[in-house]
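To begin, one chain is listed below as structure tokens, in the form predicted alone.
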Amino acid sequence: MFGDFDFKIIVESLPFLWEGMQTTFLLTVVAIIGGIILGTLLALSRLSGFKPLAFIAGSYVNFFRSMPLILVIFWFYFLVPLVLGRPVGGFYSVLVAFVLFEAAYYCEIIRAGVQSVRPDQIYAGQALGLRYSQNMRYIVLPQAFRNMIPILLTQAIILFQDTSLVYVVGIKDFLVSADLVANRENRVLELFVTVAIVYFVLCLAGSLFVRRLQRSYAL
């Protein structure tokens, strides 16, 4: 099966594949940043003593965590242009879907991280006269995010893998770029083996880095 494996087509396709990988990286990074920001707001809302706000945040999280990501991508790919009343680039529609979807997962990660901070740290901040927002900003969240770094990076790896789902709406990410070359050159095996290797290497490197962080923090 691998006797006529053509390495030349892979080398010639690298610039085109790199363009697709840039889209994948951009989508991943922006979705991580947006998801963490929105997820932090949701987590603080769920932890607040204001029950209506906690209920709304909890309902949001439960809703998105119960939906398959591919369905959310379809929703926003078709829904965002209808809501805005004008055409929107597919990339931005998909980006909205990823940010809103990932925020639900980051919310639970951040909520667990905040709850992992020892109560006496919070009491110490209150004793110093810090308001709730100041206590969160200067004492709780810095410690919580330090505790959460390994799991946040793990979620980022999962998100990087999930970006391949934009294939279903034709966004030219790394996988779609490889598929275009594979069909154009009739070299499906070479291109999809390359895609598998790239995803494996990047995700393995990320997983090893997370494991190293976990050992460091354990010490």
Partner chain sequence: MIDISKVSKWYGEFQVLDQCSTRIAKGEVVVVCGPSGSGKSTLIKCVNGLELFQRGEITVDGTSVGAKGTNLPVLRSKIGMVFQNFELFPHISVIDNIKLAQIKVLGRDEGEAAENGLGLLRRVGLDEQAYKYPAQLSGGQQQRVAIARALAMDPIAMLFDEPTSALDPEMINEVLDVMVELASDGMTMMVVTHEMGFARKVADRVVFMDEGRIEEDCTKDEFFGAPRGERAQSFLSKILQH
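Numbering follows the first chain given and starts at 1. Everything numeric here is computed off the predicted structure, so don't read it as measured data.
The form predicted together with its partner chain exists for this protein as well; it is not shown, and the discussion that follows is about that form.
**Q** Counting any non-hydrogen atom inside 4.5 Å, which residue from Ile149, Val88, Ile139, Leu79 sits next to its partner chain in the predicted bound form?
**A** If I apply the 4.5 Å criterion carefully, the residue I get is Ile139.
**Q** Exactly one stretch in 90-98, 116-124, 103-111, 69-77 has heavy atoms within 4.5 Å of its partner chain in the predicted bound form; which is it?
**A** Stretch 116-124 is the one.
**Q** My question is simply whether Leu84 lines the interface with its partner chain in the predicted bound form - judged by any non-hydrogen atom within 4.5 Å.
**A** Although its partner chain is absent here, Leu84 would stay clear of it in the predicted bound form, with no heavy atoms inside 4.5 Å.
**Q** Within 4.5 Å of its partner chain in the predicted bound form, counting any non-hydrogen atom, which residues from 128-148 show up?
**A** Read in sequence order, the residues that approach its partner chain (within 4.5 Å, in the predicted bound form) are Leu128, Gly129, Leu130, Arg131, Gln134, Tyr138, Ile139, Pro142, Gln143, Arg146.
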